[in-house]
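Below are two forms of the same protein chain, given as structure tokens: structure 1, then structure 2.
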Structure 1
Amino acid sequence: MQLITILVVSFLGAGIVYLTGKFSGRVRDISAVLVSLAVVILVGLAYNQKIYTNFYSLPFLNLSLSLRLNYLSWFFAIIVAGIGFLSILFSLEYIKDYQGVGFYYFMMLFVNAGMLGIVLSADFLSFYIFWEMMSWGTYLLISYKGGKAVAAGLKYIIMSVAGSLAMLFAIVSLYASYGTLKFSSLASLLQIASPGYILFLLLMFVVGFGVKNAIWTLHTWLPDAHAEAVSPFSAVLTGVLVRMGMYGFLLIMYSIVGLSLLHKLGYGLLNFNYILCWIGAITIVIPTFTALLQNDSKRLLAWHGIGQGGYMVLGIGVATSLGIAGGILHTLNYAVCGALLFFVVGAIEHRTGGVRDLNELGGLIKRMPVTFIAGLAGISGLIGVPLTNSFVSKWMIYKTLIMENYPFLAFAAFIGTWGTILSVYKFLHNIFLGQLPEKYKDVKEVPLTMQIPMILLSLAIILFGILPGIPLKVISGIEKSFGVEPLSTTMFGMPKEIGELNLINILAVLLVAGIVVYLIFSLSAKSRRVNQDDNYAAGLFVPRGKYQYSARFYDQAYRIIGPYLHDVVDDFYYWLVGKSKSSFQIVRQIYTGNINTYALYILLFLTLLIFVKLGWGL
């Protein structure tokens, strides 16, 4: 009953918020916050419970829709509920001047409800129904602003439908083979299935979940979606919605198929998990360095979202206790960092009239100090600076790759971190440091309802960096449910499997170092103001209105390599679309609208059947 209550509050609350908006915008806004907060409380109260319930029967299929709660579903549910609540709170000021605000809140709450349905489902039919609710709701939210956003939404939904069809193919196959779609039943029945059939199922689900998780070659929808979606939804999109793909990977690989069967899928370098690891490694390197070339702040973060997903896939692909825990933990850590950074971009947009070009910003640290601190915390977590959350999860992934003798995969993971450092420093510097353009001299900090989500997520980055045992305790429960030996963790230190490392001691050392650095800078010479145009760009003039010294720093390099800077995968998809349109145009000519032509088609078809029958008889 408790799980049904969560979903009823989520879905019914979305409808109530929409209806109240017809009478009062203020009541609508308050209702949206209260509904999303109620979901957080309900999910939080369900911690450490194991629940299973049937909520609807389908006698003609001999199936029933069912829900369950375990450590894995609760872990993802609390992320969905938490980021969803903060996004609604952030939206109060951000979205108020847009058209169709009531529709926006309805779809935000509806998509969050769909994601909760996915992680609470106990059978593939329920899972698929909620998956499609989430997918089509996402399409409407990506397209919310109209214009280019509609094209970005169409690109997303086409790829999403392709992935859903692959997943549906596997689900129908499971039902035809076993007559059930319950996760628990399939987990037992598949233990005697052939390796070839298991591999077929995994490949179908990898396509479905890979599109949503934006793994390399299935990633091309995400940069456009982030560029066109409103920033509060981008926070949900990057933090939790895309990670429904990670939930799917964990569900099918470890909760249903199981670790013992996975090890039987291939030999040596052709093993399923090893290939998945390399997909993860490529997903880290290529998108991370593509982010370096972006001047649009949201596109830069979008490419990093793809790259960070590669760390998660790499961690769970290694299929060891340490690797699985690192991949799951990084899912939480990136949800916090990614959502925070999109809130930062949203705050900058809100105060600068929608500016996202990094070369048109600068010097906002004194005008928006809270947003700056949030941005600093976000990029520190994204990099994995010690005492931030991602330091722990990335260290776990690095360590397991080294321990399992995967030097090239470890090298790819390290290279990804260096690429992250280079591009997110550009993000922070070009927005907050350097000169403040004259047109932004009167910019003020964002309202409190936008500051609170950024402050809470910044604190979470530090909290989970210093006390990693909080999330790792839940992850240990997840690993137990997978039949994997859980990590031995403490509240203050790293897992013993990767050596002794007390983060409280590191905190003390860094505090002392920080005090020393502060004293040195306080005794140094003070800065002085110079003319706004007293600037340079490596020998080239600085474009008017763009005061970053790096604005044209790479002009000569771009002139040489610019023709080759393409996403070849995206180019391939567009080529495929063009060829498909030509083929469809040819097929379309069959439909002439002339009844005599259709009669001729029928006659020719019957003639063909006769010849086939005669040939078969001979």
Structure 2
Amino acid sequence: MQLITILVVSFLGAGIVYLTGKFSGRVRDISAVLVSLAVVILVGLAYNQKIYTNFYSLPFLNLSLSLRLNYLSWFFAIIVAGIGFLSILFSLEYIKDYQGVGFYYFMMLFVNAGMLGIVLSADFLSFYIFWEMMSWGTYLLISYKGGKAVAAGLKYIIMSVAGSLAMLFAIVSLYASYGTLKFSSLASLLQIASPGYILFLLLMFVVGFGVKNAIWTLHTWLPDAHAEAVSPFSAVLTGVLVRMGMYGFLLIMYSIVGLSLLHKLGYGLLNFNYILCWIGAITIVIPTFTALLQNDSKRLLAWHGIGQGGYMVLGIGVATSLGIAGGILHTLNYAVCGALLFFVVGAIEHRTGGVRDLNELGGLIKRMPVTFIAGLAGISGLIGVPLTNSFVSKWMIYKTLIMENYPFLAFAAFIGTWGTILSVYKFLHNIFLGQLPEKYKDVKEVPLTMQIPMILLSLAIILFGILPGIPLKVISGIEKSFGVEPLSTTMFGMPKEIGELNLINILAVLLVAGIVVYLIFSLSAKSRRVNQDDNYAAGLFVPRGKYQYSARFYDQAYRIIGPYLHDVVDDFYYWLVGKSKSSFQIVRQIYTGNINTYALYILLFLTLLIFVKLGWGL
């Protein structure tokens, strides 16, 4: 009942918000916030409960739709609800000047509701239904801005439909073989299935979830979609929507197929998990370095979104207790950081009139201090600076890779982190540091409703960075439900058996170091404060316009690595589409417009029927 309430509130809430929007914009805004807050509270209240309910039945297919709640679904549900709430809050000011605001709120809430449905469903049919609802809702939201977003939306939905059809294929074949779609029953029924069939299933699901989670070769929709969507929705996209794929991976690999079966798939190095790990590693390296080349702030973050997804896939691919926990924890951590960074970009966009080009921004630190701090927290989180959340999850992933003797994979993960550091530094620097362009002189800090989500998320980064035990407790519950040996954790990190990680110690060390540094700096000579506009270059007046050394930041690096990072996969897809278009053109010419030819077709068909019958005795 509780789960049904959550879904009903979130779906009906979306409708109600849309309807109230017809009367008053203000009421609509308030009710949108209230609905999303109510969902957060409802999900929060459901913590640590185990629920299973049937909510609908389709007697003609002998199927019933059901919902369930366990640690896994609660973990994702709270991320969905939380990020959803914050993005709605952030949207209040951001979206004000757009057309069709009612539609926007409706779709935001609808997509959130769809995602809640995905994580709460207990059988594949309801999973698929909510999945598709989320997909088309997302498509509408991505295209919402018009212009370039239209192409991005189309690209997204085509890839998404292709993925979900692969998934449908697998789901229906499951149903045809076993007569049930319940996760729990399938989990036991599949234990006696042939490895070939399991591999086929996993392959189909990997395609389906991989499109969403943007693993390499299926990732090409993501940069466009993230860049062109409105920023609050980009936050939802990168933080939670894309991670539905992650949820799917966890569900199919560990909750249903199970670890013991997974290990039987393949021979030696050619086994499923190892290949998945490599896909994860490639997904880390290539997109992270591609991000380095981007000049569009959202596109840069989008490529990082792909790269961080690689860490998660790598983590769960290794399939040890620590690795899985690392992967899941990184999902949460990235959701926080990613959403925060997109909020930051959104705030910048909001104040500068939609500027995303990193070469045109700069020096906003004084003008938008809160945003700057949020951005700093976000990139620290993304990199995994100690005392931020991702430090823990990345540490866990590295540790797993080293413990399990995967040196190359570990190396790939490290390289990824370097790339991350390089490119997010560019991000932060080009926006906030350096010279302030003339035109942004009057830029002000964003309003409070936009600050709150950023502040909350920044706090969350620090909180989970110091107290990783909070999410890890839930995660060990998840692992227990997978039948994996649960990770033992403490509030501040890991116990000794695995390899000591105690963030209190680190905190203490860093605090001491920080105090020392501060003392040194405060004792050393004072630097003179200069007005931001007060820039002289060797005694010459600066030409108006851009004078910033950060324009084309990594120009040298481009020349070296640029050619290798060309997105061949994307080119391949475009080639495929082009080829199929031209082949459709050929097929189309069957319909010549000449009635004699059409009559010929009819008679050909008739004779073919007769001929086939008489010739081969059909």
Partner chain sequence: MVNPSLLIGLPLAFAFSIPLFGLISKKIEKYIPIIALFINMVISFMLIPQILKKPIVVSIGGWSPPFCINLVVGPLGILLATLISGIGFLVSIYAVSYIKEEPTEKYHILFLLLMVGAIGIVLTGDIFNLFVFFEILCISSYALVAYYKDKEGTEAAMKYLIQGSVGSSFILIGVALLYGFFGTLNMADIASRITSANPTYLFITLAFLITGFGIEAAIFPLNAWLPDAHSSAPSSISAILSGIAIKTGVYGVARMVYTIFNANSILLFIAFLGLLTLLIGEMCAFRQDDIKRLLAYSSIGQIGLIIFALGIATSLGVFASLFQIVSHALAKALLFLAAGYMIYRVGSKSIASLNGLGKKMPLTSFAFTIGSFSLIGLPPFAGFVSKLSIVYAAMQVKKPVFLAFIAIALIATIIEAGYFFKIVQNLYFKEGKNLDKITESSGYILIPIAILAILIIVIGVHPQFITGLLKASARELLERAGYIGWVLGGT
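Under this definition, the rigid core comprises the largest set of C-alpha atoms superposing within 1.5 Å between the forms. Bear in mind the structure is a predicted one, so any value in this text is a computation, not a measurement. Sequence positions of structure 1, starting at 1, serve as the residue numbers.
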### Summary
Form predicted together with its partner chain: structure 2
#### Entry: Residue shift check between the two structures, rigid core fit, Leu19 Cα at least 2 Å
no
### Query
What is the C-alpha shift for Tyr601 between the two structures, rigid core superposed, to one decimal in Å?
2.5
